[in-house]
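First, one chain by itself: the form predicted alone, in structure tokens.
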Amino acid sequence: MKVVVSIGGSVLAPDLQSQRVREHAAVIESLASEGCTIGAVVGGGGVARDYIGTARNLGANEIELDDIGIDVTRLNARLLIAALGEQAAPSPPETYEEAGTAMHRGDIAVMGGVMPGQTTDAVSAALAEYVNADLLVYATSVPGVFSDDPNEVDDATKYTELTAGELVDVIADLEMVAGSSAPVDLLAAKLIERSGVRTIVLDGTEPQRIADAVLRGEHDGTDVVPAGADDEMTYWVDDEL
């Protein structure tokens, strides 16, 4: 089974504490030990926002700011690589081809950003499409996809299941509201719709939730079901090996 796990920077290392990185690495190692081929993509989180904010105040343009954000995501990726040790490719792949090659030879590929104008949400979806992944998991700081930003709207509706097309519509509506925060961005949602990869959006602040979702199909997040797929969740390892 081929799995891409997207871990937000604020989920992996919100305060750069090594223990949280170790806990996420242990979950990824457990998936690999169960026979999964793993690609991981790590975001920049608050550290990236701090650097970008400072650079913006210093007059950096938007492409330069994107490059700074990419650099931070790759630093975060190196933290996860350090925790994984020899099971991981030794440096963050900078292209999908490099990541796919690493996964093909049995390494855990841990990426950061790839190019300006593309978030790690989109990188994760593109990597999942490139390697023909069975499952894409977004480990975020929110427990799924909501009709509105749950941090701003108390009665926001949480979706337990969406088609990829419905996901695009929900995210597009969220991104039209100034200040709203979506768990994945619109480009990522469109890539998910195009590729048809089964996707889960969940709260990854407790790393074990990632393993539960992948190995047993158990999660409290949002299941994004490809068009024409059976509603029954059959993507976990026991059914693939």
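This structure is a prediction, so every number in the text was calculated from the model and none was measured. Residue indices: 1-based, along the sequence shown.
What comes next is about the form predicted in complex with a small molecule, which is not displayed.
Put simply, L135 is far from the small molecule in the predicted bound form: not one heavy atom of it is within 4.5 Å. Heavy atoms of A88 never reach within 4.5 Å of the small molecule in the predicted bound form, leaving it off the interface. Under a 4.5 angstroms non-hydrogen atom cutoff, the small molecule in the predicted bound form lacks E193 among its neighbouring residues. With a 4.5 Å cutoff on heavy atoms, D212 does not count as touching the small molecule in the predicted bound form; it lies far away. Using a 4.5 angstroms heavy atom cutoff to the small molecule in the predicted bound form, none of G39, P92 and L127 count as contacting. The stretch in contact with the small molecule in the predicted bound form, judged by heavy atoms within 4.5 Å, is 41-49, chosen from 196-204, 41-49, 23-31, 212-220. Only one of the listed residues (A164, A83, V123, M103) places a non-hydrogen atom within 4.5 angstroms of the small molecule in the predicted bound form, and that residue is V123.
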